[in-house]
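Take a look at this one chain, the form predicted on its own, written out in structure tokens.
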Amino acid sequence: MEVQVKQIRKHFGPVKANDGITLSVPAGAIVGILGENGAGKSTLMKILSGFQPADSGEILLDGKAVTLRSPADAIRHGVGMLHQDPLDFPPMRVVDNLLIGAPGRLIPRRGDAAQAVADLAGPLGLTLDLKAEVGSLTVGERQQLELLRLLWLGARVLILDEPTTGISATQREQLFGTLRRLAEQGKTVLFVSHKLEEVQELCTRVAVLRQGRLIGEALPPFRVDKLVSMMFEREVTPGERLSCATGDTLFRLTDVSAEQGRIKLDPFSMDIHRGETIGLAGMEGSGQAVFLRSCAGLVATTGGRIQLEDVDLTGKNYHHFKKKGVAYVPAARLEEGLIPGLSITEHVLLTQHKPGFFIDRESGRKLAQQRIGDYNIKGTPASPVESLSGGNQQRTLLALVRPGAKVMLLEQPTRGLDIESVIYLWTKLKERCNDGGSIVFTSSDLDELLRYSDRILVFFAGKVSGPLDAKTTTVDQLGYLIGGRDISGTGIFDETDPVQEGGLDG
């Protein structure tokens, strides 16, 4: 299906999210949509998928003008969107999630739906247990579910917003193979991403947005430096590796074990020093999230001790950990980190501990404006958090961590951020390390782990390997370890592994 948008405009107060965008996408193309955070990519895709109306402009599908008033309206016209955060119901089974929003009988025929989805999944190389609860699936499997649901509902235009965030390299390759097969079938794919190497690998065309406008388009072979210059009007380079001087032990884990759902962490020990950044690597579901939540008091440990300086936090709850200086930032921004409907100012006020019964909104507004400036958030103190782009939501979430936090536990801290924002954010985070704090973070980007970590722990099926010196570890070595093998291809998690026997010695 050919997609055309003409003179699309969308304002949020004084912010021009889309400022007269005109773009044509032929059927069977995989088009990368690039731009810095707040460039208008997500807004344009939400307009095209019926999630929000344009102030003005026109949408044409196969040359016919259409009005898309809702996502259901869009899917009836053949347009579906796969969002950064899966729009599913975790407590329900896969087959029931597939049936949500489907037209037809009052009492749906699950058998017919299962057979239809199986017929779609086979040629695309996808496998999904339709009887499983969605909450038990990985992010990659939830993506498969949403993709199959959209195809089953008749989508011929597929919009994917940062789809590789939080999935493994293997899942990414599977996703790319699926998208190529769909394009061969005549489906149109709009691929929103900040990862230029993925755009190089997958896309047949690229459109670049900046400050709400279409700056230009490009055809392969793509030059990364040219795309970056189009996005930012200048060359952006990572610069020198950022490292901080480390001090004495700040956070001590002694024979700590934990369990949540299907994940059981074997006992491990480690000392984390002041000024140190610890990266956590591993495929999704390998134990990194349970590790972070245990360190934050959100998941009760099943053994061992956790100490912050000379304070024993073992068995305490999240609020006690937070009070003592442990800050946790989740990957699920709008599900666990932010509150839709509240402004940036209201979020800032919620993080402040002020005596008395009255709320000083003016001081909250001023503090919110300061945080907006410190973290380059494209919004105003009055902006509802759900109106921000994904990258600006991420920056807002990090800006809410109170100054003085001793240990910052971060899940995917640069999720959805463009390259310039990643560099800026890590500069801000390293300032906290220079002030004597420590950072522990997860990332699906191996280059990010190696660049910004001092030491790296690798998780595989609840077991931990390392710590590794990030300066001397390569991407290939890290990739092998994430797969449960060392660089020679032999297993590293065997019965004599010291990590299993006695944990890590920091």
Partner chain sequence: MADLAARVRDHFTRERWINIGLQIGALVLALVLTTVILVAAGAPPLSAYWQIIKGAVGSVTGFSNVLVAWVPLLLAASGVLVTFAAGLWNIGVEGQIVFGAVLTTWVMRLMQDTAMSPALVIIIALIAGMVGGALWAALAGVLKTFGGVNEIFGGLGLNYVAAALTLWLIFGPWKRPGIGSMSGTEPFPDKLALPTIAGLRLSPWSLGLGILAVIIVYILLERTYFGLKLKATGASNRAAFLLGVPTWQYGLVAFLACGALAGLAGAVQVTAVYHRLIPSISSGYGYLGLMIGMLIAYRAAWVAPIALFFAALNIGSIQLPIVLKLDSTLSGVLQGALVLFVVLVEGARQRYLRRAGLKPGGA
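Positions refer to the first chain, counted from 1. For clarity, every value in this text was computed on a predicted model and none was experimentally measured.
Omitted here: the form predicted in complex with its partner chain. The next part is about that form.
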Could you tell me which stretch in 214 to 222, 262 to 270, 248 to 256, 331 to 339 has residues with non-hydrogen atoms within 4.5 Å of its partner chain in the predicted bound form?
-> 331 to 339
Consider the chain as shown here, without its partner, and state which of 361, 181, 226, 428 has a heavy atom within 4.5 Å of its partner chain in the predicted bound form.
-> 361
Which of these residues, 32, 437, 40, 50, gets a heavy atom within 4.5 Å of its partner chain in the predicted bound form?
-> 50
Partner proximity in the predicted bound form: residue 316 to its partner chain, non-hydrogen atom cutoff 4.5 Å = no
Would residue 349 sit within 4.5 Å of its partner chain in the predicted bound form, counting heavy atoms only?
-> yes
With a 4.5 Å heavy atom cut-off, would you call residue 70 a contact of its partner chain in the predicted bound form?
-> yes
Mark residue 386 yes when one of its heavy atoms lies within 4.5 Å of a heavy atom of its partner chain in the predicted bound form, and no otherwise.
-> yes
Should the three residues 12, 298 and 322 be counted as contacting its partner chain in the predicted bound form, with contact defined as a heavy atom within 4.5 Å for each?
-> yes
